[in-house]
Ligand SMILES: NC(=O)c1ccc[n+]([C@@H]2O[C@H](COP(=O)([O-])OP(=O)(O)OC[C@H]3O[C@@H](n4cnc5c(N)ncnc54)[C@H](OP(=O)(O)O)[C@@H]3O)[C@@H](O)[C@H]2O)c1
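Just the one chain here, the form predicted alone, laid out as C-alpha cells.
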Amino acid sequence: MTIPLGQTNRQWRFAKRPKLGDPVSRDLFRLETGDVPQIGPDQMIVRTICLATSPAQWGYLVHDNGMFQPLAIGDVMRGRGVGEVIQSRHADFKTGDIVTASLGWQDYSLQDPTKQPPNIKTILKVENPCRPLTLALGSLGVDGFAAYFGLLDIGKPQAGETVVISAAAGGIGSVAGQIAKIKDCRVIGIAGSDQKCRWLTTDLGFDGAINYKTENVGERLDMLCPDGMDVFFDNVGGDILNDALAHLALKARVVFCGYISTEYQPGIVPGPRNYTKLLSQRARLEGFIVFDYVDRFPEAEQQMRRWLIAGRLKNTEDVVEGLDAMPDALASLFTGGNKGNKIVRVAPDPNGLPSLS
C-alpha cells in the first residue's frame, strides 16, 4: 500500500499544560493538519487504525511517570495504537504488517524500531491479526496480557480461592476477573458506579461487586470475604489498597498493577497503613510491568484467543468513532464514563483480515 497523493496527517498536539488535579479537557490539545512523515533508513510509516486510552496518558502531560518523559508543548499527544505498515525500510517489518506501538494521536506515524526504550520492546508485530483490530488493544493486546500475566504468574489463583479486583470495570480489571472465574475462583470486583457493578455481576459473571463511591469498602469486604481474600489484583492503590490489606487471607498474593488513585496527587502520598498485614498473614505484594513479559505475549495471545472463541471470555471493548473523539475518550476514564477498554477507531480495518477464529 502507498500513501495516496495529497494525503494529509491529522494530529492532536499538546497545547496547554494542566496542573495536578485539573480535569482532562479538549482545550489541553489542538487538532492540526500536516504532512505525512518521510521515511528514512530502518524506519517505517504506520497508518493508524485504532488508538487506546489509558490513565497513564494523563501523566505524559504533567510529569515524568518513570518510563516516558513528559511531553513538551506542541508535541503530538502520545498514545498506543494498532496500525498497518504502509511503507517500510526495516528488515523485520514489511508493507501490510499489522503492528502495535506508540503511534500517537494522528493518522500516520514514523516508527523507528532501532530507537525503542532501553530494555523495553514496544513496537510489536501482530502475528495473527483478525477483525476487529480493536482486539489487539484489548483482550489480545497489552491490557489483556497484563491481566493474564499479572493474575496467573503473580497472583497464582487456585480453584475455590477468593480473588478481589480493583478498577474491575476497567480494561485490565474486567479481563483479570474473567480469567479468575475461568480458574474456578470466587471473584469480587470493586468499581465506581452501581451500573458498573451490575455489569460485572450480570454480564461478566463476578460473584459480587462493591461500589467504592457509595459503600464502605472495608465493611463490604467483611461481608463478602469473611475468610479474607487469597488474591488481590490492584489497579488503583490508595485507600482501596489499604482496605484490601486489612482483609488478606493467610499466604495471600497482592498483584500491584497500578496506583491511579494517588499517581497524580500533588505532594508526598502516604503509603498504606495496613502494610503490617503482609507480615502477619505471611502475604506477598509484587509489582510488574507488562512489557517484562513481551517474549511470552504469543502464549497469552493463543490462550486468550481460545477463551474468546469458546465464549469463556467476553470482549470488554468500549469503542467510539473518529480521531476527533480522542480528548473526550481520555477524559471519560476519569469521570467513570467507560466500561472495559476505551478504544477510538480512527480508520476501518484493512481488507482481507479474517474474523476471530
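We number the residues from 1 along the sequence you see. All values reported here derive from a predicted model rather than from experimental measurement.
Absent from the display: the form predicted together with this ligand. The rest refers to it.
Asks: Only one of 102, 88, 242, 261 has a non-hydrogen atom within 4.5 angstroms of this ligand in the predicted complex; which is it?
Replies: Contact with this ligand in the predicted complex is made by 261 alone.
Asks: Let me know the one among 77, 217, 257, 254 whose heavy atoms come within 4.5 Å of this ligand in the predicted complex, would you?
Replies: Flagged contact: 257.
Asks: Every residue in 162, 201 and 249 with a non-hydrogen atom within 4.5 Å of this ligand in the predicted complex?
Replies: Heavy-atom distance to this ligand in the predicted complex: none of the three under 4.5 Å.
Asks: In the predicted complex, is there a heavy atom of this ligand that lies within 4.5 Å of any heavy atom of residue 228, even though the partner is absent here?
Replies: No.
Asks: Determine whether any heavy atom of residue 93 comes within 4.5 Å of a heavy atom of this ligand in the predicted complex, and answer yes or no.
Replies: Outside the cut-off, so no.
Asks: Report yes if any heavy atom of residue 310 sits within 4.5 Å of a heavy atom of this ligand in the predicted complex; otherwise report no.
Replies: Residue 310: no, not in contact with this ligand in the predicted complex.
Asks: Using a 4.5 angstroms cut-off on non-hydrogen atoms, would residue 167 count as touching this ligand in the predicted complex?
Replies: Residue-level check for residue 167: yes, a contact with this ligand.
Asks: Within 4.5 Å, heavy atoms only, one stretch in 94 to 102, 167 to 175, 180 to 188, 124 to 132 touches this ligand in the predicted complex. Which?
Replies: Looking at the other structure, the answer is 167 to 175.
Asks: Considering only 180 to 204, what residues come within 4.5 Å of this ligand in the predicted complex, judged by heavy atoms?
Replies: Residues within 4.5 Å: 191, 192, 196.
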